[in-house]
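In the form predicted alone, a lone chain appears below as structure tokens.
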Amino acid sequence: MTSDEARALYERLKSEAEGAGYFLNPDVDFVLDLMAGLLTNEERYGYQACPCRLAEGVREKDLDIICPCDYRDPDLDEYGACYCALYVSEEIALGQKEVEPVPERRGTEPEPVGEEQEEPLVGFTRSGMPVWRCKVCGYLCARPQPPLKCPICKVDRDRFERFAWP
């Protein structure tokens, strides 16, 4: 892994983040160190596990911490940054607020218990995850909360509604 590879990954993730309404940490040197960690984990495990967490090296066990991790949006919503501070709020990106420590969420949610439902519940997937619909463009996603920004039309979270199955 070279610094050119880290820079190329940074440019790609920055473009993807901005295209989806997200922001990367404005401290480029810090972010390049995270890029090096992501690339190291990709070499080591075959996937870009969060460089700030211990990966098990088994993709199925680490799905929740493959960048961007499952905890990014809840962390951004509550703390203004994800656990490793790669993704930050607009206020932090603009220098209006400082990054603060984010507590670890991994392993704090209970594991699902019991069999999956045979038929989906109204407004939920079979796993019980709510389905959200962007009222502007119709984008659908199954997750605990709607995204902070619609990845299609870039409207804010408040433009989402819980989707009901026909």
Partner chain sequence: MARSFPVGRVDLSKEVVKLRKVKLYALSTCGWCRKTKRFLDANNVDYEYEYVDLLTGNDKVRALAEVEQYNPRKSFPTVVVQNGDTHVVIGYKESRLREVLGL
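Positions refer to the first chain, counted from 1. Only a predicted model underlies this, so the values are computations on that prediction, with no experimental measurement involved.
What comes next is about the form predicted together with its partner chain, which does not appear here.
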Can any non-hydrogen atom of Y47 be found within 4.5 angstroms of its partner chain in the predicted complex?
no
Does at least one non-hydrogen atom of E104 fall within 4.5 angstroms of its partner chain in the predicted complex?
yes
Indicate whether R53 is a 4.5 Å heavy atom neighbour of its partner chain in the predicted complex.
yes
Using heavy atoms and a 4.5 Å limit, would one call G37 a contact residue for its partner chain in the predicted complex?
yes
Hey, with its partner chain in the predicted complex, do I66, Q145 and E161 all fall inside the 4.5 Å heavy atom range?
no
Listed by sequence position, which residues of 77-103 have a non-hydrogen atom within 4.5 angstroms of its partner chain in the predicted complex?
Y83, C84, A85, V99, P101
